[in-house]
Each structure stands twice: as structure tokens, then as C-alpha cells.
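First comes one chain, alone, set out as C-alpha cells in the form predicted on its own.
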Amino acid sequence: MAKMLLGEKVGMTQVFDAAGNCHAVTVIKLGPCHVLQVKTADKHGYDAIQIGYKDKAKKQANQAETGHAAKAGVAPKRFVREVRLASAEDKPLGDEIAAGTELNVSLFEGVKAVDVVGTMKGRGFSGVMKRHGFSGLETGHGVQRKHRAPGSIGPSQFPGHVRKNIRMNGQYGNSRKTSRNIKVYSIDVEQGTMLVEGAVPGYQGSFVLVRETKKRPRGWDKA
């Protein structure tokens, strides 16, 4: 099974290594997560485990969520995702996985790089300069007051309409994004945190999914 945990983005900071080099890192609070359900090929058609993160107050959970979590002996969860297993014999911790099993950040010990899946900050309806990085029109004499306009968006008589995939204004952000192959700087099992180099999608306090990456450049293990 690909190692995977749920957590939330705490924020960014900088740390210094033994040589005095500064590293910009993102702090991610990972786990503890609980296994809510174990799915098998015989009963559900595929092998998987369902994990949840962060307790939800019972008054905020509906009866289906409360009953589903009660079968595992845990409280309802705010963030729930499913992990596919290659087979029913997959054991991510070396033991039998059952409903109610707790998973923590120690699962990533020895992992050098991860993928982080999160939701981008929502920026609403944005123009082309903010959404696509257009430079805008010139501001000298003779230019109309359209400095942030996109300019020409289509051809003339043929084909007589705007082509597909033209970069224009519109909804920006608030979408799922995956940052792949991010280097793991350190793991603190006691605090339940992971430091990864660089930025990850989402705002402070947003939920993220962290999994061991399968995309590794040549010579990564020698670095």
C-alpha cells in the first residue's frame, strides 16, 4: 500500500541545518488518523481502507456519519478519504489493519519524498493579469483605459468564433491541486508534524492529503 495520511497545513517557516543553510519549509500536522472501514474484494469489489482525520462534534454530524464511525469505535471525522490496497494482504504497519486502528506520522519514517494534495486558495472571479500573469497594455498616450484588458481573443471572419482554451478571465483557485515529489525535511513523531521543503497548496488550517510519491528523479536515493 502506498503510505498515506491526512492532516492540515499549519503554515510556512524557515529552519537552518547543521551547515547553517536556510531552508524554507511548510509545517504539516499529520494524524492521528483512524481506520473507519476496511473494504474487501469479496464484499465491496475491491480492497481498501477508509481513514478519517480530526473529530467532529456529534451535534455537527448526521446519523449516517455517527453510525459509520461508531462501528469503528471512534468519533465522527471531519476529513475522510479512502486508500486503495493492492491486495487484502497489504499491511502498511506490518500488522493486521482493522477498523479503529490508529495511524500516525511514524508511518513516513524513512520516506524521502511525498505528494501533497490540497485545495488551492479561492480567489473568485479574476482577470487575466491575476489569473494568467498577463503583463497588461501600455500606459502611454493614445492607449484607452483598458490597461488590464486581455486584448484580442479571437480571429476574424474565419472561423468566426473564439477558439477553445483561450486564456481569459474567470474563476480562479478553489480547486484540487497536487504538488508532487516534495522533499521531506524532517519528521517529529512526538509533535505529529512533518516539515517539507517549499510550499504546498492550500491556506493555513486547510486539510491536505500526504502520500509517498512514486515520481522520483534519477539518482534521488544517492542524494
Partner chain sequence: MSMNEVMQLVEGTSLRSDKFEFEIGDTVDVQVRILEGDKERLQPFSGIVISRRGGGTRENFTVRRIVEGEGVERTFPLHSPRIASVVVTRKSKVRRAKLYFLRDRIGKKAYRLKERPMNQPPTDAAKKPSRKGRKAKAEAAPVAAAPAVKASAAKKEKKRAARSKKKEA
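Remember, predicted model here, so these are calculated numbers, not experimental data. Positions refer to the first chain, counted from 1.
Not on display, but discussed next: the form predicted together with its partner chain.
S.K.: Between the options N169, T66, T40, T193, which residue brings a heavy atom to within 4.5 Å of its partner chain in the predicted complex?
M.R.: For this set of options, the contacting one is T193.
S.K.: Please run the contact check for K9 against its partner chain in the predicted complex: heavy atoms, 4.5 angstroms, yes or no?
M.R.: Output for K9 is yes: heavy atoms within 4.5 Å of its partner chain.
S.K.: Taking any heavy atom pair closer than or equal to 4.5 Å as contact, tell me whether V35 reaches its partner chain in the predicted complex.
M.R.: Contact check for V35: no, nothing within 4.5 Å of its partner chain in the predicted complex.
S.K.: Is there a non-hydrogen atom of V27 within 4.5 angstroms of a non-hydrogen atom of its partner chain in the predicted complex?
M.R.: Yes - in the predicted complex, heavy atoms of V27 and its partner chain come within 4.5 Å of each other.
S.K.: Flag A199 as yes or no: does it have a non-hydrogen atom within 4.5 angstroms of any non-hydrogen atom of its partner chain in the predicted complex?
M.R.: Looking in the predicted complex, residue contacts with its partner chain do not include A199, since no heavy atom lies within 4.5 Å.
S.K.: Taking T13, F16 and N21 as a possible spot, do all three reach its partner chain in the predicted complex with a heavy atom inside 4.5 Å?
M.R.: Spot residues vs its partner chain: full contact, yes.
S.K.: When its partner chain is placed as it is in the predicted complex, which of 27-35, 155-163, 169-177, 43-51 ends up with heavy atoms within 4.5 Å of it?
M.R.: Looking at the other structure, the answer is 27-35.
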